[in-house]
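There is one chain below, alone, in structure tokens, taken in the form predicted on its own.
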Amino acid sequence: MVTLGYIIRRFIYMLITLFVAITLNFLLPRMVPGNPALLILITKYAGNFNPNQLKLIESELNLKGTLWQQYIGYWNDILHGNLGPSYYFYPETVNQIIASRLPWTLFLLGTAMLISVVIGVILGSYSGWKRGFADNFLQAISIGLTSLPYFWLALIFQLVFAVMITINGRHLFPVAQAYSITVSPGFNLPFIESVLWHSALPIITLVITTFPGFALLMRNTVVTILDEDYLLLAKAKGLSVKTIRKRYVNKNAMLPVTTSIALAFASIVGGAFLVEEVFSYPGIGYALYTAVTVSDYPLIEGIFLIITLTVILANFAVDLIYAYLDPRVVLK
């Protein structure tokens, strides 16, 4: 059960967290040495510019004045829903870049998360019920896979399956990008097939390094529940193994998994960004990598703002879902 007082109090905590995150979001990029306005002029004009052009660009990019004045201007833009122009992709705005890149990241993350949870829950439940070699093997494999770095596995898959292995002169998977340049974007079969083909390796990379965590958590929770008194009572009542497993074990074991989804979301987002960079996948992770390398403050801040909002809302949603799944939990 969730009370109105809890929702109000949690909402206040969310605002405080968001305020601190936005402040750090503003300060951290500005600690990186270099002048973005100067970088833009050097990139566009190869050094052939005058000081007046530099002052004009600094004014347009809100780089003039003290740090405090820039901070006030930054808050004013955020409250008006304006994340400002991108330094590197100028005159394209941060809003436009995020709007075009975010759907690709959501597709990649959402698909990988769904597959990881399903595989992890099924394997973890089976491992918890079937003690012995299968259980030990799953634990060993899961621990090994969770220790693999996202980017390293992505590079290995890219090298092996997108470069080295060929069938009839054709590579198994594409090296990079989200779809082939030979297809027209839109709701048509060639485009959908191309998107799925290009996203296969990034999704497989994320799933392999993510599902073991859910599997281990599900397995450990099932093992703990099997020793509970209410399970012994259910067996004494003569309930079938299928009923006990479905109603008493799996349902209760899913509660910690539900909580861990939000806790693992931030690390999975980071992994997705690394995978996007390796495969040049046009999501916000690849845009963030580009923004960091060229000191594009507004784009860095805009992407981190989206990440912060997503993680905060995900944790809040999981709290509510947990209270709904477990009637014993009272949030007040």
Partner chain sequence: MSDREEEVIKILRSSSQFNRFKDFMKKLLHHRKALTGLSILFLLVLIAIIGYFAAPYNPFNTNAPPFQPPTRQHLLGTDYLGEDVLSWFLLGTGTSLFVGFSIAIISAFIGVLVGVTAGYFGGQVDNVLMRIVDVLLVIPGFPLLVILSAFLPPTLETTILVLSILSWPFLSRVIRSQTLSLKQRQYVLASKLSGLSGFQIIFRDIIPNLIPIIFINVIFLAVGGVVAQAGLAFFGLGDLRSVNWGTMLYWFEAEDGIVYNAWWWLIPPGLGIVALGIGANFLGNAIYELTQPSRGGQ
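By rigid core we mean the largest C-alpha set that fits within 1.5 Å across both forms. Worth saying up front: this structure is predicted, and the values here are computed from it rather than measured. Numbering follows the first chain given and starts at 1.
The same protein also has a form predicted together with the partner chain, omitted here; what follows describes it.
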Just one of 182-190, 114-122, 160-168, 98-106 has residues with a heavy atom within 4.5 Å of the partner chain in the predicted complex, so point it out.
160-168
Would all three of Ala134, Val222 and Ser260 be in contact with the partner chain in the predicted complex, where contact means some heavy atom lies within 4.5 Å?
no
Should Phe11 be counted as a contact of the partner chain in the predicted complex, where contact means heavy atoms within 4.5 Å?
no
Check whether Tyr71 has any heavy atom within 4.5 Å of a heavy atom of the partner chain in the predicted complex, and answer yes or no.
no
Check whether Leu231 has any heavy atom within 4.5 Å of a heavy atom of the partner chain in the predicted complex, and answer yes or no.
no
Interface membership of Gly283, the partner chain in the predicted complex, 4.5 Å heavy atom rule
no
If you look in the predicted complex, which residues in 144-183 sit within 4.5 Å of the partner chain (heavy atoms)?
Gly144, Ser147, Leu148, Pro149, Phe151, Trp152, Leu155, Ile156, Gln158, Leu159, Val163, Met164
Tell me whether Phe304 is among the residues that move between the shown form and the other one (Cα shift of 2 angstroms or more, core superposed).
no
Against the rigid core, is the Cα displacement of Phe26 between the shown form and the other one at least 2 Å?
yes
